[in-house]
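Encoded as structure tokens, the following chain is the form predicted alone, with no partner shown.
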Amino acid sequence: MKIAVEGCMHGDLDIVYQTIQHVERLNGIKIDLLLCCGDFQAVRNARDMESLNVPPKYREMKSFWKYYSGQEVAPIPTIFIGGNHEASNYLWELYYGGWAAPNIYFLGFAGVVKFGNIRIGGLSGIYSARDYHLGHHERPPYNERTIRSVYHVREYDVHKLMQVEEPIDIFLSHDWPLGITDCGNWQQLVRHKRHFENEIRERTLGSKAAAQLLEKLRPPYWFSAHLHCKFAAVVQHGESGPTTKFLALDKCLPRRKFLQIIDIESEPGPYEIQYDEEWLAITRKFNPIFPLTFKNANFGGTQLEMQDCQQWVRSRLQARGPKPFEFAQTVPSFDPSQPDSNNSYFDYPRNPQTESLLQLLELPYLLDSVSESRVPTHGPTPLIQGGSSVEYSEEIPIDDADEVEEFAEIDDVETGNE
């Protein structure tokens, strides 16, 4: 199975698919799957831009809307996770995962699916110690605070992934696992990204949550993005344990290393994306403690046994089949002939895919529950483990160490193209 892995998409689907088709023609190969490591920017219309944590001058419709509307169809199956520049209102509709457009599948805030006999897991968002132990309290429409916290990784989602026991073949995270630079040529990395050196030496570059998952899941492949550079590492798990090949990729810009093709052993095709039995069992077990306010989940409050959940899910999938529920549009798509026509709706609809999945699992729909973050409040100021607090600034986006450089690069490219 040939898989294309892409770093940060930033809405440039047309360019990425054209690049893959060029690689196919040049090498006489057929790519079976595209994996995207976040900042996908599934922006359907102008209203979605309001949920995108990007300075207004850089907000641009890009090309996802064409695939959402059906004007274009993804030429190969595509699986993506979320990053820290997303249409967060849309991804919340698909919290459990689902088709963001035909042939384009979102793994959810955390998730595992099968593609053929290959198991692919992922964790959306980026790590922030101050929000890690909170619940999912954010709801659209987002304010200046929640638009910057909705994509922060939560312990609840990581805890669910930590329950996975069956082997994972490929794992995706947006930010890098903490300490991954120890396993690669970090000296070469800092020659290109000098501001990383202090973070590497102080062991603050990367995600503690992702590092925890890397040690638990030990997949053969782990792919990331976020820091806008290519970096490879090999993680040896114990003296005689398995190894993980790690690769971070750049964003989709000219002359940047944003795409990698890998060949992985698999059963012969054809392949299709399917629900994963173990993951649906984990979802069923832990959904009753889904934390929807500032308060974290009560992990001791689950009543269901994992073995019972898996047997129950197996019987449901045997009766229905493992294919995900079909894509459904929930809001109007951008219309370039009427660019201001997409702001006429004001509700945040339920996604039929999510409703159908929850019905299959006999779980209640909770995503539109009223959250305390919708009520004016200062909220709690959580502590990082170890007791030190984090100062929050509304003016400075402290959660993206590369953000200033990122937008400067965009300016450079735009200037070069004039």
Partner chain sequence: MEDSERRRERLKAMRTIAAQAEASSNFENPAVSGFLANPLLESPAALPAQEESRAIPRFDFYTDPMAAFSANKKRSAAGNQAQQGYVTPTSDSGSPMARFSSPRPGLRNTDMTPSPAHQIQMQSSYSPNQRMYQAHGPYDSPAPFWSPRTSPFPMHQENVAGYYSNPSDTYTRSPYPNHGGNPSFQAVGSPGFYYGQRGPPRHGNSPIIGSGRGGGSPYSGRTQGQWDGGRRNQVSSWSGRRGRGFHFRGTAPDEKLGPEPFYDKSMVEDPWQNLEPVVWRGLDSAVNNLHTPGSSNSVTMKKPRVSESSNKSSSQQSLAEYLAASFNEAVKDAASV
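Keep in mind that this is a model prediction, so the values were computed, not measured. Residue numbers count along the first chain shown, from 1.
What comes next is about the form predicted together with its partner chain, which does not appear here.
Taking the partner from elsewhere, no residue among A87, V153 and M306 has a non-hydrogen atom within 4.5 angstroms of its partner chain in the model of the complex.
Contact with its partner chain in the model of the complex, judged by any heavy atom within 4.5 Å, is made by just one of I118, A297, L161, L94: I118. Taking the partner from elsewhere, G135 is found to have every heavy atom lying beyond 4.5 Å of its partner chain in the model of the complex. At a distance threshold of 4.5 angstroms between non-hydrogen atoms, R256 is in contact with its partner chain in the model of the complex. In the model of the complex, none of the heavy atoms of L34 sits within 4.5 Å of a heavy atom of its partner chain. The closest non-hydrogen atom of T293 lies beyond 4.5 Å of its partner chain in the model of the complex. Although its partner chain is not shown here, in the model of the complex the stretch 66-94 places heavy atoms of K66, Y68, S69, G70, Q71, E72, V73, A74 within 4.5 Å of it, in sequence order.
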